Structure formats: structure tokens, C-alpha cells
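Listed next as C-alpha cells is one chain, alone, in the form predicted on its own.
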Amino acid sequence: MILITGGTGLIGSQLARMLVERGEEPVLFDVAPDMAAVKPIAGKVKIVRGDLANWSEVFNTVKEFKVKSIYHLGGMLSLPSDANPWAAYRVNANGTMHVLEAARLFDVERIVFTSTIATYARGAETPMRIDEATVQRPENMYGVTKLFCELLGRFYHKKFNLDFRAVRYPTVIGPGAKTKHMTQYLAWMIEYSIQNKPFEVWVEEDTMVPCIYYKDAARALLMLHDAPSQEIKTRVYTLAGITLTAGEFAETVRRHIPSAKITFKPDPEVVKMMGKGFSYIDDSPARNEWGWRTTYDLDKMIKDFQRSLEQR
């Protein structure tokens, strides 16, 4: 049996659909299940309402369903984590400890964890470049908890031989997201424009943020999970997608949707946390070790985004 924490979220629900297409019947663990997100596969998944911060709910789910693989996607995002760092610690840090302990105690064979490029500090004056030698020095609570979880997973692999694997996502773009986080403006530029609503971007036009489409993000998890153990050498993989400035991204959206009403009004607090963003991510370990490639460029992303939004 396969468990997805955060299973009815943007990536979790897409991953669930892909697993159902393979003939699986995944268990979706979520603190507030979004039933609309999984409506097309409602009869082919099991929904568990549960809180990662409550160890007994995690343990009981893993034991009851005899889980063998866990995709651990659940957690609090960037701005909510900074607004309430105590809750972020309980959910992100303690929640991951609960998942790892449940895996150790109940013989889970593999865990795939989703981390973030927020584990790196951002470039204050110039966009930052990232490769495997880049020091991780997160500046917000979200990045702090995710880095802790990466290191904890590595420890469980070394100490208990638990097959822990992880990706560090750039910004994930997809329809229907409701929670604001620092880089959510990319998806909302598209979504608001499709809905003919004005949208005010809260970063400066020259801020560079790499992004990946949610369907590619889910596919990456399947690829990493399925990769033979002997090919997994890096263990935590930074993924690259498309990198544009916020201004360039807005211009591309306007080209596809001429009626788009996108303006810029930088939020000083977000700008302070974001800096100038990131200019380049080296994802060669993922490419070389398990064949990672993106399939959605920005033009294809915007077209599919519109189709996905209409279907929802």
C-alpha cells in the first residue's frame, strides 16, 4: 500500500491520479482533505483525515494500511510558517519525525520526501546560483524545517538503513492553490488572468525564481521512487525547471492572455526574504542518476494550466 501525506493538495492529488492510472489504490492522509481535488478518483483512493503533528494518527495509519511506500508531501508553506513558526515546527519538523519513526517501526520500504530550494539563502543583490556544493543556509522558518527534515532523513538512512529519498522543488505552479506563499504569484498571474481578474505581484520585476509545473513535479516523485537503489547516490536532489524574472513571466502570460491585468507592487517584507531570487540551478545529479527531465516549458504550461482550471 502507498501513503501520500498532504494527499489532496496540488501535487498530492496529481500524484494520486498517476498512481491510480498504474492500478494502485493510495491512501491520502490530509489534515483538511480537499474532496473536490480528488473527485475524479474518489472511488479509487482511501482518504484519512489526520494531523502530522499527532504521532498516533501517523502511526495508526501506517500500521492499519500496511504501508510499504510513503510520499511525504504534507506540511506548512513559507508565509504561514513564518507567521506561526511554532506550528511550522510541530507540523514540518515533528511531523516528519513521526513519519520516519512510523516507517522504521512498521517496515516501510521507501520514503520520498519533498523539500525546497528555500533551504538556500537567496541572493540579496544578485540572483543566486545553486549546485551541489552550495551551502544551505535558510533564512525563513519553512526552509529551516525542511533542511532539518532532509538531514533527519539522511540520518535515518545511515542509522536504520531506511530508504529515504528527496527532491528540492523550485516554485511549483498549478491551478487551484488557495494558500499564499512567497512565490505563489507565478501561478496566480496565470490563474487570475484566465479568470479575467486583476493581479498585483508582490515582488520586484527583476526577481528571478525557477519554477516547475505541478504535473512534472508529481512525475519526478514517481521517477525517484522507482529508480533502482544502486543508482541513488546523491539522495537529496535539487530540481530545476524554468527560470525567468517576474517581469518576463508576466510578459509571457500577457502574450498568451492579452486581457491580463498584471501590475507590480512589491511587499517590503517579501522582498526582504526573497532578495533577487535564484538565477541557475544545477540538477545534473537527478538527470544523471534517474533520468530526470522536465516536459513542460512555459508556453505548454500556460496552455495546460487553462485546460486544468476549466476541468476543475
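In this text, residue numbers run from 1 along the sequence as written. All values derive from a computational prediction rather than experimental measurement.
There is another form of the same protein, the form predicted together with a small molecule; it is not shown, and what comes next is about it.
- Shown without its partner, this chain lists 171, 238, 119, 193 as candidates; in the predicted complex, only 171 has a non-hydrogen atom within 4.5 angstroms of the small molecule.
- The contact with the small molecule in the predicted complex, taken as any heavy atom within 4.5 Å, belongs to 73 out of 141, 149, 100, 73.
- Stretch-level contact analysis of 253-261, 31-39, 269-277, 282-290 against the small molecule in the predicted complex, using heavy atoms and a 4.5 Å limit, identifies 31-39.
- Looking at residue 157, you'd find every heavy atom of it more than 4.5 angstroms from the small molecule in the predicted complex.
- Not displayed here, the small molecule is kept clear of residue 19 by more than 4.5 Å at the level of heavy atoms in the predicted complex.
- Although the partner is absent here, residue 11 is a contact residue: one of its heavy atoms lies within 4.5 angstroms of the small molecule in the predicted complex.
- The small molecule is not shown here, and in the predicted complex it never comes within 4.5 Å of any heavy atom of residue 62.
- Each of 52, 77 and 115 comes within 4.5 Å of the small molecule in the predicted complex, counting any heavy atom.
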